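In the form predicted on its own, a lone chain appears below as structure tokens.
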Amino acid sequence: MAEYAVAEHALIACHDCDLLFRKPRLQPGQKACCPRCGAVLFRRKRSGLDQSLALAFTSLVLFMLANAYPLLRMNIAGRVQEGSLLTGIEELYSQGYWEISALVFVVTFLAPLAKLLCLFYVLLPLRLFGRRAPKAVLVFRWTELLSPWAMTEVFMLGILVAVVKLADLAALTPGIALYSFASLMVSMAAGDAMLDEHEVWDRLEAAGD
């Protein structure tokens, strides 16, 4: 993948001693240290936009599977019932727990979907055309703000606890959505770990509108 330019006016401040100097251009795997106090300023990850885009696409496919198929199939004394992620949210709302249903909807559906779409909007034009999309800087800031709210791992933990408690009362059969949701949790965590925010910001500044 072609190297990118760092804007000449880009500056960086040391987190420990506040020394301000021009941002260096790093090769993958290298790190920048403060020349005065030695603190690590940032690291350039070995992964690039290709890996981040591939994981974002994988996560989007898994997200659609997790919401299109049943999560669990319960058999209680011959009575069979299937439940999906969205039907669970609707059930919470119908029982009067609208605050909890709204929170579950945001952290398990809205925030992960918005984060993945924002990543595509920012990364795809940078990777394919070397240009940034309109308002890409603002959208990437939204992506970083959305990350703490996309808590798929917390919801997955809740599902596992419910499965353990219901195991003695009903025969449970995991659905495609459960496997997809577990894979989505791993895929999004890997995407967060491989995304190099410094590289994205540098490319956005260098690409221009």
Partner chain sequence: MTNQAPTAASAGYLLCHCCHLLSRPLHGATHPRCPRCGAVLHRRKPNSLARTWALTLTAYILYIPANLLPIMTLTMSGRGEPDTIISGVKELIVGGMWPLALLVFFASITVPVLKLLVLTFLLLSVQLGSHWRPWERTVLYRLTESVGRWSMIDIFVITILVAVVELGALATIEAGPGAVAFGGVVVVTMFAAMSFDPRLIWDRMAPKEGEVPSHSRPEGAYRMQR
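Since the structure is predicted, the reported quantities are computational estimates derived from the model, not experimental observations. The term rigid core refers to the most C-alpha atoms you can superpose between the two forms while keeping them within 1.5 Å. Residue numbers count along the first chain shown, from 1.
Here the subject shifts to the form predicted in complex with its partner chain, a form of this protein not shown in this document.
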Partner contact for Ser147 in the predicted bound form: its partner chain, 4.5 angstroms, heavy atom
yes
Does Pro174 reach its partner chain in the predicted bound form if we count a contact as any heavy atom within 4.5 Å?
no
Can you tell me whether Cys14 touches its partner chain? I mean in the predicted bound form, with a 4.5 angstroms heavy atom cut-off.
yes
I'd like to know if Gln30 sits close to its partner chain in the predicted bound form, meaning any non-hydrogen atom pair within 4.5 angstroms.
yes
Which of Ala182, Leu41, Leu55, Leu49 has a heavy atom within 4.5 Å of its partner chain in the predicted bound form?
Leu41
So which residues in 93 to 121, when you check its partner chain in the predicted bound form, have a heavy atom no farther than 4.5 Å from it?
Gln95, Tyr97, Glu99, Ile100, Leu103, Val104, Val107, Thr108
After superposition on the rigid core, does the Cα atom of Arg36 shift by at least 2 Å between the shown form and the other one?
yes
Closer or farther: C-alpha pair Val40/Glu144 in the predicted bound form, relative to this form, given a change of 3 Å or more:
closer
Assuming the CA distance changes by 3 angstroms or more, are Pro125 and Pro24 closer together or farther apart in the predicted bound form compared with the shown structure?
farther
